[in-house]
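The chain that follows stands alone, in the form predicted on its own, written as structure tokens.
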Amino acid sequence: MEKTKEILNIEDLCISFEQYEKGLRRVELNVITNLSVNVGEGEIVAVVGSSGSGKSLLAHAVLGLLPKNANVRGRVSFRGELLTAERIRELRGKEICLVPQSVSYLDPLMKVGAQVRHSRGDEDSIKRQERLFGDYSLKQKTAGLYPFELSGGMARRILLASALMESPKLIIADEPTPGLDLPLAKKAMADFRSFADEGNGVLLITHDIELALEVADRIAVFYAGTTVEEALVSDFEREETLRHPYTKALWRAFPRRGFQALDGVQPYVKDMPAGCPFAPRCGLAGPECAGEIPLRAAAGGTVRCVRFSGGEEINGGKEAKSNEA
């Protein structure tokens, strides 16, 4: 892949949570293991995967929003500088902005216009807020409403406007389009594309892979708390140019591919198999899949799979099941 100057670099991120079970017995749940992803200048990197794969936790870890019982290891850098807790607080909402998944992030006691402007009342801020409202088909009187007076789609558009109100270097958009009709969802994606084209970066966390493929540069595929593949958007044009069996299963599940379903479910954190977490659902799994499997470069992307080498799958395990997807 062509190298660009990195805005965000995440290496071997591990997140666990301490919990109590059956009285005072303390356990540690490892929910993210050795997760890696980066965003360069001018890039949109879309993060896709099943619910529970760690996508939102990734966003919260970067922004320092995890609860107190979370243990975080690994390296997260912003523009070449290691992100400490203090540095995150300085950057959050300024150089790094979040479009959160939940509309509950809106302050219920403040009118939404003031929230989008971050309480600023100068003429330039008001004009910018009004322009953003117009861009997202929000009437100007909406500025005087409280969050409880908004529909779900309106609240979603307010969150988008709030992130774009500032001049950040990185936007982390966590499921930004649910509740939006298709034209507005495409408008949001087009705005992210324009933002990236100005030399900024977008980490786009989404379930809508096909919408992401219209604007993203690269796709990072998560499964059971780790990165299993990173691919150029162009690699999704054909199944043969994808690397990991799970990514290929996602490709076959696209609407235009007939919603071909994959048997089985993503493992729960307490039932994680040794080695590759996808092995129980994979028709190519063999004994070697139970060992450590690093993320490595492969055919212009990266993959975490022992069955992929030099652009081809190695069919050393079981034959691929006909109903794998």
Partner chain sequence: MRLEAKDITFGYEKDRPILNRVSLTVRETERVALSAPSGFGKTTLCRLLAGYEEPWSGQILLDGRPLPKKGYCPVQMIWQHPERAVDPAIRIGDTLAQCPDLDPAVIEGLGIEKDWYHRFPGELSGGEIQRFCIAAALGGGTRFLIADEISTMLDLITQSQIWCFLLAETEKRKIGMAIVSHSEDLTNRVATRIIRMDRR
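Because the structure is a prediction, the values reported are computed rather than measured. Positions refer to the first chain, counted from 1.
What comes next is about the form predicted together with the partner chain, which does not appear here.
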Partner-proximal stretch of 90 to 98, 196 to 204, 70 to 78, 145 to 153 relative to the partner chain in the predicted bound form, 4.5 angstroms, heavy atom:
145 to 153
Taking 10, 226 and 241 as the candidate spot, are all three within 4.5 angstroms of the partner chain in the predicted bound form by heavy atoms?
no
Tell me, out of 184, 231, 132, 215, which residue has a non-hydrogen atom within 4.5 angstroms of the partner chain in the predicted bound form.
184
Option touching the partner chain, based on a heavy atom within 4.5 Å in the predicted bound form, out of 138, 83, 164, 209:
209
If we define contact as a non-hydrogen atom of the residue within 4.5 angstroms of the partner, is residue 288 a contact of the partner chain in the predicted bound form?
no
Answer with yes or no whether residue 26 is in contact with the partner chain in the predicted bound form, where contact means some heavy atom within 4.5 Å.
no
The partner chain contact at residue 114 in the predicted bound form, heavy atom, 4.5 Å:
no
Any of the heavy atoms of residue 266 lying within 4.5 Å of the partner chain in the predicted bound form?
yes
Out of 227 to 261, which residues reach within 4.5 Å of the partner chain in the predicted bound form, heavy atoms considered?
246, 249, 250, 253, 254, 255, 256, 257, 258, 259, 260, 261
